[in-house]
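Let's start with one chain on its own, the form predicted alone, as structure tokens.
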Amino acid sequence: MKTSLVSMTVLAAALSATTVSAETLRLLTWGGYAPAEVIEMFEAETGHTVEVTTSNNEEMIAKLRATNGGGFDLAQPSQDRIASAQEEFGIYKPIDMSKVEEAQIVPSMLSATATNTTFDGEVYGLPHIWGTSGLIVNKAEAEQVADYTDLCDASVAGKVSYRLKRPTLIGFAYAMGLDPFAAYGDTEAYQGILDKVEEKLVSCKANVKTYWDGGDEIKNLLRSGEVVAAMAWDTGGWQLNADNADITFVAPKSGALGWIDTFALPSRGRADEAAYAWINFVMRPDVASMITNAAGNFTAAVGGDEGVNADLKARYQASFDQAAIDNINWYPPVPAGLETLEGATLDRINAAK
């Protein structure tokens, strides 16, 4: 009886400790980033529970602004939407790197995100899901297209397409040997880059079948053969490759343009332990693969592609070897006023004969 009472006391203490340490993680994220099976595994392994609210960049900032950084314990804004929001609204708190299993994260992505989410000497973001824009090429028709400026080559005249949007300006700048992101802090230097790109894109207009607006539009143009090379997103290229082995995404020689959705801690979050536990859990290779299979995008987890659907993994690896990953030009925060300059440049390109 005495042994039984002791055992019950120990059990009660253990249950009490579990109850105290277990937290509810209020996660503000994108659709597909927290699959039900991943949540179930996390809850079973940690004792924490997860409540998911799906959102986008603009809504995330709006929700956190409305509560002065409260209401959520972990958010997933894109890396270029953190430092400026922190400077203006103070809605995040710094990452405690001592609680992060850094070895699980691809070093180049960890470094890029740290650089782009630093404010007042503190890092506010960690990389999670990433993707790129680059080239989608029908290799049977346009194998020679390996960089953005190759879309202006006479061999593909009338059969190329890209958007009249800022990624096109930036991609062409890099392919022309310029560094637009390095000029972000110098309006005059950035305008000089835009002027050179404008001249190139105006001279290239005769090559363009159409300036595409939506993902379905460009995929249909590539399927039909009306377009044989385009600037577009990686996932679109891989979707097309599933139906036509000749069409695939190509990481440009001058570097694909990369976005990263992050982990960021709202300033008034109250479940930091659960937040760091979730970060370390989903960056495990086995869990990262589950998320990629659900979302279609890859993660910044080391070895995170190992358990990915074989077909998607093969397409990804064909587009991105390690050198291509390390060559990605990651979007930094956009300084005030730059998008106005870009808009004026795009309007002139559109109006040019």
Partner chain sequence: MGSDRSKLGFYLLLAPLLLWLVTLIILPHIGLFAVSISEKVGVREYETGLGNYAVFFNEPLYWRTFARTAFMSISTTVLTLLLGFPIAYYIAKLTRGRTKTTLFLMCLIPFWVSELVRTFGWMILLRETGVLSNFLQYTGVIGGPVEFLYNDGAIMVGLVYTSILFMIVPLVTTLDSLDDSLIEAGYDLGGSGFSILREIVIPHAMPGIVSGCIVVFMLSLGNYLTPILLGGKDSLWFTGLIYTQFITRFNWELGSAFGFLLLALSSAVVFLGLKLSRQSLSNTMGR
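Remember, predicted model here, so these are calculated numbers, not experimental data. Residue numbers count along the first chain shown, from 1.
From this point on, the text means the form predicted in complex with the partner chain, which you will not see here.
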| property | result |
| --- | --- |
| Joint contact, Lys165, Leu221 and Lys353 to the partner chain in the predicted bound form, by non-hydrogen atom at 4.5 Å | yes |
| Answer range among 211-219, 192-200, 142-150, 173-181 for contact with the partner chain, defined in the predicted bound form as heavy atoms within 4.5 Å | 211-219 |
| Answer option from Glu58, Glu306, Glu40, Glu51, heavy atom within 4.5 Å of the partner chain in the predicted bound form | Glu58 |
| Asn138 within 4.5 Å of the partner chain in the predicted bound form, heavy atoms | no |
| In the predicted bound form, Lys99 touching the partner chain (heavy atom, 4.5 Å) | no |
| 4.5 Å heavy atom contact, Ser78 and the partner chain in the predicted bound form | no |
| Gly90 within 4.5 Å of the partner chain in the predicted bound form, heavy atoms | yes |
| Residues within stretch 329-353 having a non-hydrogen atom within 4.5 Å of the partner chain in the predicted bound form | Ala336, Glu339, Gly343, Leu346, Asp347, Asn350, Ala351, Ala352, Lys353 |
| Cα-Cα shift for Tyr124 and Ile325, closer or farther in the predicted bound form, minimum 3 Å | farther |
| Inter-Cα distance between Tyr124 and Gln322 in the predicted bound form, nearer or further [3 Å or more] | farther |
